[in-house]
Structure formats: structure tokens, C-alpha cells
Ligand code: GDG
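A lone chain, given as C-alpha cells: the form predicted alone.
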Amino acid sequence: MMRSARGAWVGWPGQPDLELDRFEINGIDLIPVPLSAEEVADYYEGFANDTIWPLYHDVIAPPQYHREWWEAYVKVNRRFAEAAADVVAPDGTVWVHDYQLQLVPQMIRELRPDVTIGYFHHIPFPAHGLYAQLPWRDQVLKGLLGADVIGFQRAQDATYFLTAVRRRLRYEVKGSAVAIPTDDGRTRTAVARAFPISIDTAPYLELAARPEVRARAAEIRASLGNPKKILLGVDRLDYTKGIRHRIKAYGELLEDGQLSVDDVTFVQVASPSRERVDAYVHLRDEIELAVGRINGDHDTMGHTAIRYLHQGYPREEMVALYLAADVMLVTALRDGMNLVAKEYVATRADNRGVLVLSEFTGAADELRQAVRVNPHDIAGLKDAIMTAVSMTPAEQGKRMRSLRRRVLENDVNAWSSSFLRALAEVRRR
């Protein structure tokens, strides 16, 4: 999409104190925005990931509110806004992404009132009772309302945002439109609605058809002792993902005798994430302790209850894992979308496999033929796992065909096109 639009990508290079000049790669113009080590600590690890992330994920972990973090957030958002304002063409379009940059839309509008501005929010937006905790709640709402189109993963998230706007700022809201007073006594309109994101399905279809990837899937099964069923979880190591809940449910199924390690193995990939944030350090300790206990109680010489992998893998290996897995467990406590669920579905050209999906993911709105579950209900989660393990091939095929139709028709290209069309409609008005 960026190449076709002759766009420029404004972003952080990924290392603190790294100064880079503008450069081009693969037909995309890249505009680096530097961050100091202190800014990474205060703006990114602090305000973005220890204030906004837990608050917007239903306070699963307690948010931390520090004024110096907020000041760093404002400072860094202004730097991004200035970089975008400098590079965008006259009457051009700027598309701002995600919770780290919620103030950028209004800052760009102040610098470049000629441009059309979009913002897409990749994580949930909280109900007003939670959002109201944020000391800088009004500033963030005004920052987002600098955009002409504000996109969310779920209709519920857009509704929560519009409710906050109406209650906090007292702006007029009609449907998805917000009337925003301007300094000249007029009003302009911003639109807030759902644009559920998806994946680029083509690479997953191509990889899943490769003989060497399919052979690797068979190797994975053999390395696990060729169990009758493989359960798979793939997540960043994050407290929102419900990893502890699925481990507990699986452990109880072994304890109850409903599952046996001779027949069923659970593979959990938990890629490292935010390892300097305290909540994540504690989470890793808890999960590894739980895995060790279950394996100690139930492993045999030939079979392991849980194969726990705290590392990232290339896409080819992930597709092999998806092909090897009979059941995909997506049990997030709160998730903007969850693209792992869609990746698993995209790879299953054989129309086999079962997706167990938390109702608190954005994907649950679309993937209605999954086995839906409330991950807080451990008994219900156990029942869902047993339903998935015992599902007949005919039922698997019926469900998976429907799931694949949805994922393949509504891919990332359809998502980006729908958002850009909405921006183009604003421009025409």
C-alpha cells in the first residue's frame, strides 16, 4: 500500500540514541524519528506501555500515572507530528497509527491544516468508567479528534470513544460523526467507526502449500511423540493474552484424567515482550513456574505435557506449527483484534483444525464459527478444549470453510482500502 501510494513512512528506527538520515528501501521512503534512551524509558516503556496499555486493556494490570511520563509522551508525539508535517505533500494525506501517537493528529492539524488526517487504533478503547481514570483524558480525546477519520477494531471500541467524547468534551455526536468547534466559530466533522484489521493472506497460503513446510509440520509432530492431538498457543508474552488461564485449564484437564499426555501435547510459543517492564518480568516467572509444575506432575519419558518456547520464530516455522496443530487456543482476556487467529485459519487449506477463540478479541466479531469462550471461566475453557479435541472431521470442515471464507475475503488489502476510501470521502466533502 505504501509503495502504491508513493508514501513516506515516519517511524522510530528501533534503537535508542540512533540518528539516521532519511533513506529509501524497497520503494518506500523512510523518515527516521530518533528517541533517546530516557525517552524510550519514559515515553515508550512508561506512558505507552505502563499507562495506556493496561488502562485500555480493562486494567488487567494496574496502570501507572506519572507526570514525567506524560511530559515525555507529549514531547515525542510533537516530534513525530513535526516530522510528518515536514514531509507530507500539499493537500496530502497522513495516516497515524496506534496508541503511542494519540496526540499526533491534532498536532499535525495545527501545523498543516491543508492535509487530510486518519488515525487507526490497533488496541481496544476502554469504557468511559475506566477511561475517566486517565489524568490527561481530555487532552488525549482532543488529540485523536485532530483526525478526520478515527478507526477502531470493533464497533464497541468506536462507541466507547464517542461516549467519552460526548461526556468529557460535550461535543455533539450524531451516529459516528462528531461536530468539533473550531477557533473561527465554525465546526468541522470527524468520523469514528470500526475498520477491523486483517492479515496479508497471500504469504500464508503460499507457505502452507510448500512441500518443505508441510514436511516440517510432520517433523514437529514426530518430535512431540506423534500425539493424537496438538494444542497450540502463539502469543507475545503479555498479561492480556490469557496464557495463564489456558495453562491452568489444560493442567486441570490432565489432573482430572480427561486428557492424557500420551494423547495430547500443548505447545505454547510466548515471544519475548517488554522485558524491562516489571509486570512482564513477573508474568514470565508465573508462567514458567506453572509450566514446570504441570510438566513435573505429568511428563513421561516419551511425552511432554507442555512444550514451552520463550522465543520468536520466522514465519516459515510458524506456518509449520499452524499446520501441525489440531487446535489453536486464542484465549486473550482483551485484544484489539488478534491476528494469530486469522493466520491459523489462512493456513488451513485442508479445512481441518479447530479455533478456540476468546469472545474478548476483536476477531470474535468476525470469526463466528470458532469455538467461542470466556477465558475467565476456567470450567468453560476446559469444556471448549474438550469440544475442540473431540470435534469430528465433518464439523471441523464445516466451521473452517466458513472461517477461511471470511479471512480470505477480508484481508489486509480490503482493510486498508476501506480506510483510505473513508479518508477520500472526507476530502471530497
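For clarity, every value in this text was computed on a predicted model and none was experimentally measured. Residue positions are given as counts along the sequence shown, with the first one as 1.
Below, we turn to the form predicted together with GDP-alpha-D-glucose, even though it does not appear here.
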Determine whether any heavy atom of F125 comes within 4.5 Å of a heavy atom of GDP-alpha-D-glucose in the predicted bound form, and answer yes or no. no
How about S271 - does it come within 4.5 Å of GDP-alpha-D-glucose in the predicted bound form, if we only consider non-hydrogen atoms? yes
Is the gap between G312 and GDP-alpha-D-glucose in the predicted bound form 4.5 Å or less for some heavy atom pair? yes
Would E343 count as touching GDP-alpha-D-glucose in the predicted bound form under a 4.5 Å heavy atom rule? yes
Picking from 139 to 147, 224 to 232, 296 to 304, 115 to 123, which part of the chain touches GDP-alpha-D-glucose in the predicted bound form when contact means heavy atoms within 4.5 Å? 115 to 123
Heavy atom distance at most 4.5 Å to GDP-alpha-D-glucose in the predicted bound form, all of L207, A349 and Q369: no
Using heavy atoms only and a 4.5 Å cut-off, determine which of F152, Y250, F161, Y322 is in contact with GDP-alpha-D-glucose in the predicted bound form. Y322
By the heavy atom within 4.5 Å rule, which residue out of M318, V191, V88, L333 makes contact with GDP-alpha-D-glucose in the predicted bound form? M318
Can you tell me which residues in 48 to 72 come within 4.5 angstroms of GDP-alpha-D-glucose in the predicted bound form, by heavy atoms? W53
